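The chain below stands alone and is given as C-alpha cells, in the form predicted alone.
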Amino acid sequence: MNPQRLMTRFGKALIPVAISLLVTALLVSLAGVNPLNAATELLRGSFRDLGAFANVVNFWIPLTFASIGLIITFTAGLWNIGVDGQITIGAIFASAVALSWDLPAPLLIAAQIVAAMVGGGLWGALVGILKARLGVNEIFGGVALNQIANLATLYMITGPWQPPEGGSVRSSPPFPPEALLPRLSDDFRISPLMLIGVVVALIVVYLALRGTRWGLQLKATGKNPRSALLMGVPTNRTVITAFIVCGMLAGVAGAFRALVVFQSLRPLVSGGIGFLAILVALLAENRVLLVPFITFVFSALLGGSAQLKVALRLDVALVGVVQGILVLTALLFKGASERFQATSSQPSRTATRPEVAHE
C-alpha cells in the first residue's frame, strides 16, 4: 500500500473519532462540566499509578482475546452474540480444574488454560452446529446459550462449589495459590503469561486469515455463502470451526477473569466483555491489527470512569455513551462512504456501455 493511500485510510478512521469526541464534549458541557477537566480526570483514573494501569491492562487482556475471536466469526459473516456465554463457560471449566485437581503449579495452570479453551470451544461449537445443521440463527442460539451459561454459574456456586460457610451467590471458594497465574509484582498485578498469549493469538489469527486456506474459506463464506458452496468451500464446516476457534479464545478470556481478576468463580464473571468485544469488532472491520489499539482505548475509558464520578460527579454511564457514539458514528460514516463510492462509480460504468454495444 502506497503512503498516500495509507494516509487516506488513516484520515478516514480519525473522522468518526473526532466527531464522537465533539459530541461527547457537547454532552459534558451541557452537564455543566469543562470537557478538558473530564478528559484529565479520565486519564488520571486510568494512569495515576501502577495499580490503576494494571487494572486497565487486566481488562484489556480478556477484551482483546474475545475481540480477536470475534474477528474470525465476523469474517465468516456470523454474528457471534454468544461470545459472552463462551467466556463464562471457559471460566467454569478453568474453575473446575482449579478446585478439583491437585497438580504442581505449572501443570495446573496449563491444565486450566486448556480446559478453558475446551469449554469455550464446545460452547461455540453448539452455536455453530445449531446454525449449520439445524438452521437456527446464530443470534438466537447465542442469546439462549448465554443465559444457560449464567445459570450454570449460579448452580455451581450455590451447589457443588458452595463455600464452606454455606450456600452463597457471591462466589465459589477461593482458588488455591498454585492455581493462580503468576504476576509481575505486587504493585503491578498483571500476568506476563497472558500478555504473551494475547500477542501470540494476535499474530496467529492475523496470519491464518491472510495466508491459509481456512482463512480464504472464511472470507468466501462471509462474502457469499451460496457462491462459496458452489465453488467447493465446505461452508457448514467453516461456520462450525469459526465458532469453535472464537470460543476457544473467549474461553481463555474467561479463565483470565476467574484466575487473575477474581481468583474465584463469580456470577456474571464475564463482566459484559463479550458484548463490548462486539463493538470492538465492528469498529475494527475485520482488521485484526487494529483490535489491540481499540481495546486499549475502551479499557482506559472504563478504567477512568470511576474517577469521573468521584472528582466531577459525572455518572459512569458517560463512558458507555462515549463508546456507543463512537461505534454509531463509525458505522454511519462507513455506510455513507460506501454509498458515495457506489454513486461516484456509476457514471463510469454507464459511459462504457456504448463502447461495448459498438463492439
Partner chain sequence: MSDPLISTLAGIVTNATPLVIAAMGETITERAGIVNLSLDGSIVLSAMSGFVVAYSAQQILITSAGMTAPEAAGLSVIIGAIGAMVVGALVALLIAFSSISLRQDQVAVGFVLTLLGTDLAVFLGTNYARIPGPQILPTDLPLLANIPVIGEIFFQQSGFAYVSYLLVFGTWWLFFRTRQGLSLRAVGERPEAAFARGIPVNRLRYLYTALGGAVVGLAGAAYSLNVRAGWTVPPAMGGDGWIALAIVIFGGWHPFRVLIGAYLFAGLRSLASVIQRTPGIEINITLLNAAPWVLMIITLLLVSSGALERLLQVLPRPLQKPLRGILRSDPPAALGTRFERK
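Residue numbers count along the first chain shown, from 1. Every value quoted in this text rests on a predicted model; they were computed, and no experiment measured them.
Below: the form predicted in complex with the partner chain, not depicted.
* **Residue (of V57, L27, L50, L290) lying close to the partner chain in the model of the complex, criterion heavy atoms within 4.5 Å** => Contact residue from the list: L27.
* Give a yes or no for L151: in the model of the complex, does one of its heavy atoms lie within 4.5 Å of a heavy atom belonging to the partner chain? => Yes, L151 lies within 4.5 Å of the partner chain in the model of the complex.
* Would W79 count as touching the partner chain in the model of the complex under a 4.5 Å heavy atom rule? -> Contact with the partner chain, yes.
* To do: Could you confirm whether S100 comes within 4.5 Å of the partner chain in the model of the complex, counting heavy atoms only?
  => The answer is no: S100 has no heavy atom within 4.5 Å of the partner chain.
* Using the partner position in the model of the complex, report whether I325 sits within 4.5 Å of the partner chain, counting heavy atoms only. => Looking in the model of the complex, residue contacts with the partner chain include I325, since a heavy atom lies within 4.5 Å.
* Asked: Does the partner chain come within 4.5 Å of a heavy atom in each of L130, L134 and L282 in the model of the complex?
  -> Yes, all three are in contact.
* Work out which of the listed stretches, 89 to 97, 192 to 200, 112 to 120, 136 to 144, brings a heavy atom within 4.5 angstroms of the partner chain in the model of the complex. => After filtering at 4.5 Å, what remains is 136 to 144.
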